[in-house]
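Quick heads-up: it's one chain on its own, the form predicted alone, in structure tokens.
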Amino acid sequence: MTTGSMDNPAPARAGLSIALAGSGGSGVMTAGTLLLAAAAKAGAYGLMVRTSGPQIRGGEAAALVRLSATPAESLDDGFDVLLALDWQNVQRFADEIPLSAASLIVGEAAEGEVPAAFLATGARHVALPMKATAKGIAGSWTNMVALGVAGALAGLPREALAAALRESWKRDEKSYEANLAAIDAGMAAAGKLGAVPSLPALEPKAGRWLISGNEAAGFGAIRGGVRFVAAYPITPATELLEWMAPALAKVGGTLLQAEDELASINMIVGASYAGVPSLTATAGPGLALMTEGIGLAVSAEVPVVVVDVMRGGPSTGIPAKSEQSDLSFAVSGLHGDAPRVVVAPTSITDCVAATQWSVHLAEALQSPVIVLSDQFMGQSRAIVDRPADSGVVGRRLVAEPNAPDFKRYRDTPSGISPMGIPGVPGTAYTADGLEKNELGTPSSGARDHRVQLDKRARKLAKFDYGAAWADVDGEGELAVIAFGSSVGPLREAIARVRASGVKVKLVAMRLLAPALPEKLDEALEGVRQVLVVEQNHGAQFYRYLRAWFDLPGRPESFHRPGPLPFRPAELAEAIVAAAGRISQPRHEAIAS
């Protein structure tokens, strides 16, 4: 195997990475959102990641923006520009906003000294009087001056910035003109800052979407057939519910804000029992509260979809930061033998298809499906190509009226039995959490218990999940396995090391449960070494794979907890190191 060298790795993709930072209420998120919208209108791709302090609302905030001529699924290794509207606690983001001697710091002139953590990088610092500039333009805001600075540094045309502002403007025309003048003033000021990396010449492209992972998941759910949502707001899943409320109304659906997570899971179990595809969305603490209701859906064989937008844990944890630490709970966290389906989108775009597929799986299998998104995907916004519609819509096997010898929990070869919908003659049955016989009559008999346990496991094990279970790309004796938001930076890292001669296969798993050993065995044919990448402290994915799959070679784990996202360069280094150990004797590989 060719291991290549990282002495001259493939360069990072061309473009600009800029962090806009300031205290809560300073408008950095608005400026970042408008910068991304302007880039979309100019024909660029881009990604904006939101980060904030532990206060969730108020406190410090930063919009981390990456713009490029090609799709961006992750942040780059560092930032070209840090643009700060003030310095109130912005130093807390020093680890999240890596700078270098080639970077530029633009700070508000009236806000004092730049934190030492940023100056220590050797980055060049320029102070701009953005507040004074805005004050000189009646009715304008400082963040619009900052938007002009950022847009000019990125090489975006004025008309794109003006169009983005116009599209979002809900106020009077006079204030629109004032803030457009503030953008112009910022663009003029940027001309005195010197050169930074910028976008190549671009042409506007039709058909691209500007969307967050939460919005994408909501859209995929509606595409899949969901028409009822009950949920309780929780960071970072709330935006999914906010987006779905009006969207559901347009297709004849309903969203109900429940009093808590226990109520929301029971509401969707009830709605689905009545025949309506149903969904709830939450984060880790809410998922913990829902476990009894999810177990009821397993036992009663009622299809529901639960979107878990993971955040740092345990307990309240770090609400506004991302972490892939709910995996073990999602695949194993119910009491009793309770098989369920767990699906993980691999990107913001894939949140559409993965959630749409999850609705299909829930309905077809009459089972709960947990969708493992996370804060990085859920709350980030990206410019993406329009997601294709798979055409997959949830369809459940329903009993015909007056079906002869109707047994709701009949022990069928597939494990799936026709479901009676309330009001359909001749199909009434008992649906509760007690163990039961095939008719649905509660039973504590050993035989009935084993029959129903086998039935519930069989329907998940025998189902044909097709090619959607994972994205498998490339060839080589080294395979890297990942899921969720770890896949984006990993794709970029793999592209870099392949350009330097390293052969590596990527297995981005979308279906995490049930485990399909034969599928992974096929994907890993010819592989001698496996590297598992994940963002959590306990290597949960690595341990899950070791428990259920026969991984070749000496499987290695590359993991760390949030809140810091993975960067392509560190993953590229880990891949090259793992590739170099393939031909080593076992004792040398362990020592290294």
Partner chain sequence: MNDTATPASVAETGRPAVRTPANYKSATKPIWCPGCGDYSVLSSITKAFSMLALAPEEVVVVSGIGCSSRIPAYTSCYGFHGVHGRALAAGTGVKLARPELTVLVAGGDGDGYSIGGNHFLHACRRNVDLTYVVMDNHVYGMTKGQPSPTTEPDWDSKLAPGGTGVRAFHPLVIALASGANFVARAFSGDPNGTADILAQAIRHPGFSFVEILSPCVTFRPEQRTWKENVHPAPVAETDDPARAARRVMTDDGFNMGVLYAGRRKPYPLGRRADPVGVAELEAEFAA
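Residue numbers count along the first chain shown, from 1. Predicted, not measured: the structure shown is a model, and the values here were computed from it.
A second form of this protein, the form predicted in complex with the partner chain, is not displayed here; the remarks below concern that form.
Exactly one of the stretches 98-106, 268-276, 339-347, 499-507 approaches the partner chain in the predicted bound form with heavy atoms within 4.5 Å, and it is 268-276. Put simply, of W469, F463, W87, Y429 only one has a heavy atom within 4.5 Å of the partner chain in the predicted bound form, and it is Y429. The contact residue chosen from R567, R50, K41, H559 relative to the partner chain in the predicted bound form is K41, the criterion being a non-hydrogen atom within 4.5 angstroms. None of the heavy atoms of P236 is located within 4.5 Å of the partner chain in the predicted bound form. Although the partner is absent from this view, G488 stays clear of the partner chain in the predicted bound form, with no non-hydrogen atom inside 4.5 angstroms. A residue is said to contact a partner when one of its heavy atoms sits within 4.5 Å of a partner heavy atom; E215 meets this definition for the partner chain in the predicted bound form. Contact check for W141: every heavy atom lies farther than 4.5 Å from the partner chain in the predicted bound form. Residues are counted as partner-facing when one of their heavy atoms sits within 4.5 Å of the partner chain in the predicted bound form; in 216-241 these are F219, I222, R223, R227, F228, in sequence order.
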